[in-house]
Ligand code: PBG
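Let's start with one chain on its own, the form predicted on its own, as structure tokens.
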Amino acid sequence: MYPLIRNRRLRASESIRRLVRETVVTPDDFLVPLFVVEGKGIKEEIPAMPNYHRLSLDELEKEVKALWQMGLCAVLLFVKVPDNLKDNKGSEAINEHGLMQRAIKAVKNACPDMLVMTDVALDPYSSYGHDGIVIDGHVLNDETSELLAEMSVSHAQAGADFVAPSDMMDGRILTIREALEDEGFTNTGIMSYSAKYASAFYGPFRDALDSAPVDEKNVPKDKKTYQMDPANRFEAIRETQMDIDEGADIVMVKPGICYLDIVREIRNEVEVPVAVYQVSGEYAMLKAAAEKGWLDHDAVMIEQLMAIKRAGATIIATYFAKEAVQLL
């Protein structure tokens, strides 16, 4: 009891604070999202995401080499598909010469040891901006899952180490796992977006890939019929456990900061690695506040990343990875 026990003794200097620190963030924690576009020599800043860029394949190779030199060992690839290649079935998603397939090869060519994860969903390829096939105002589940499985096999054939289904269709992990097994890709992993919420924090990302759902006649204008209700907690555990049972190697919670209670709930329930996606809206908010001088950018960035890991994250997908590594 006080005064025999004084908790402040363990806070008295930076050295003692470092010695007893419970949570430590390192470059090994980070998964770096990268946006890829067609063309050459393109490194264009995304307006709503300051200091973050869309990259052509040649610039992607340069970026990957730089990341590796910084100690970052894993990337998550997204592609911005030209409008003329989009349709309701996401046909371009399974093109063996498509942008994603070429991006995977470009990363492996530039840095063979870099771990490559790939986004698996139809929204970048869909003329409607949805994660699945849309018929009569409904996003089809089983038909979409079959196409996602074909996409996953295509990514594995191109050299992806992990596929990352972000669509939230029911049962798609089992469909993908079986397809990978049937094609001999037994070592290709699955990082499932298991608890992906219908969040308002995704806006800048959708601008980056031009993948926002359109509001046309008989087409859903949001993704609430397949992404999770932000009000729900126990549903996240059920979704996550189902994905593990179906063959997911890593599970993910998305977004990050507003869902750390969900991260902890899942971490307490499962034994597989848990990823957290600190999304574009979270990135943009801090950038905007720091630009106004309202927040200390670096201090808040590190505090947020620390909070995500403290909540139970094994992996943090974040647009702050490079900046954080420079500080750490």
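Values in this document were obtained by computation on a predicted structure and should not be read as measured data. The first residue of the sequence shown is number 1, and the count goes up from there.
We do not show the form predicted together with the ligand, though everything after this point is about it.
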Though the ligand is not shown, can you say which of 279, 266, 31, 36 has a heavy atom within 4.5 Å of it in the model of the complex?
-> 279
Identify which of 161, 92, 239, 119 has a heavy atom within 4.5 Å of the ligand in the model of the complex; exactly one of them does.
-> 119
With the partner left out of view, is residue 185 within 4.5 angstroms of the ligand in the model of the complex by any non-hydrogen atom?
-> no
Partner contact for residue 201 in the model of the complex: the ligand, 4.5 angstroms, heavy atom | yes
Close approach of residue 125 to the ligand in the model of the complex, 4.5 Å, heavy atom | no
May I ask you to check whether residue 319 falls inside a 4.5 Å heavy atom distance of the ligand in the model of the complex?
-> yes
Which of 82-90, 219-227, 97-105, 139-147 lies within 4.5 Å of the ligand in the model of the complex, heavy atoms considered? The stretch 219-227
Is any part of 156-190 within 4.5 angstroms of the ligand in the model of the complex by a non-hydrogen atom, and which residues would that be?
-> 166
